[in-house]
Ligand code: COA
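Next up is one chain by itself, shown in structure tokens, the form predicted alone.
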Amino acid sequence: MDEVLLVNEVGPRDGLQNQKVLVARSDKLRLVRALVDAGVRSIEATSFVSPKAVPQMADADELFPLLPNAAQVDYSALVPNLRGLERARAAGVREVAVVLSATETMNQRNINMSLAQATAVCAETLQGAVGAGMRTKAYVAVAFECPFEGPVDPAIVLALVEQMVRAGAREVVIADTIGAADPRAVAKLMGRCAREWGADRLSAHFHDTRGFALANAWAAMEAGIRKFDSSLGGMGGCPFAPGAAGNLATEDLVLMATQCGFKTGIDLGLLRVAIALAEDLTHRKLGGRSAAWLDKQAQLQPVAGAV
């Protein structure tokens, strides 16, 4: 097998957004540089949201123009509305993402909008981005279960995906925002989406609240999905979703993909260097489920090759 698995590193945005330690802009750039050095070529770098709502992202306007290797790395940014889109354009962003929660209550609690209002804002923002010549993606959040309403009807998710595609989303990311999905549910939903819109238009975003993130990623891979969000060291979680633990760890995803014959272009040894830096910057221990094994392998064979 020589298939490519695309890893979209979300640590600099989703990973940092709710950390208690405020990370300086210069340190964020160091972290991004370490990821690029490890071979990561798709990175969600920041979000152009209200600084009051997410203080960690308050430097988005100044950060984005300074990102390294812009010609070789696909950098994206989250934008909540047209105002955020204009800020992103001014900062030189070429790919933007909108986030639409699949339930009424999640939208009300998160952005104080109804589902219908949030859908309209996301569609308007996507259309604006397309008109500006930008690449576009749309997240459908809490696609499996909502912390307020419980399990989500797959028919609702499918309808929202269709609306985002019609609005101009080049890519749609199905997100298990609180880590409540299981592999069977993932296989069913991702399979239905892939049959409807094609697997190459889809991506997946998993959290590891119940320890299922890697198994869910495999279920999505079995459904044909070849692009995934992940965060170095499993860092992150949603500040607006109670119970949302850390993301699928990039090192776990890369290790599994490599062992199963997929190519990611990411050097696990250098990725561990980036994780160590993230630990220093956030003042907390990080690491996915493979961390102990990777550390042991590093002691036996210090130099890792690209995988």
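Residue indices: 1-based, along the sequence shown. All values derive from a computational prediction rather than experimental measurement.
There is another form of this protein, the form predicted together with the named molecule, and it is not shown here; the text below is about that form.
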Using heavy atoms and a 4.5 Å limit, would one call residue 111 a contact residue for the named molecule in the predicted complex? yes
Can you tell me whether residue 48 touches the named molecule? I mean in the predicted complex, with a 4.5 angstroms heavy atom cut-off. yes
Would you check, heavy atoms only and a 4.5 Å threshold, whether residue 163 touches the named molecule in the predicted complex? no
Wondering, does residue 276 line up within 4.5 Å of the named molecule in the predicted complex on heavy atoms? no
When the named molecule is placed as it is in the predicted complex, are 17, 53 and 80 each within 4.5 Å of it, taking any non-hydrogen atom of the residue? yes
Based on heavy atom distances of at most 4.5 Å to the named molecule in the predicted complex, which listed stretch, 218 to 226, 146 to 154, 103 to 111, 69 to 77, is the contact stretch? 103 to 111
The named molecule isn't shown here, but in the predicted complex which of 99, 96, 175, 185 has a heavy atom within 4.5 Å of it? 99
87, 210, 135, 201 - the one with a heavy atom within 4.5 Å of the named molecule in the predicted complex: 87
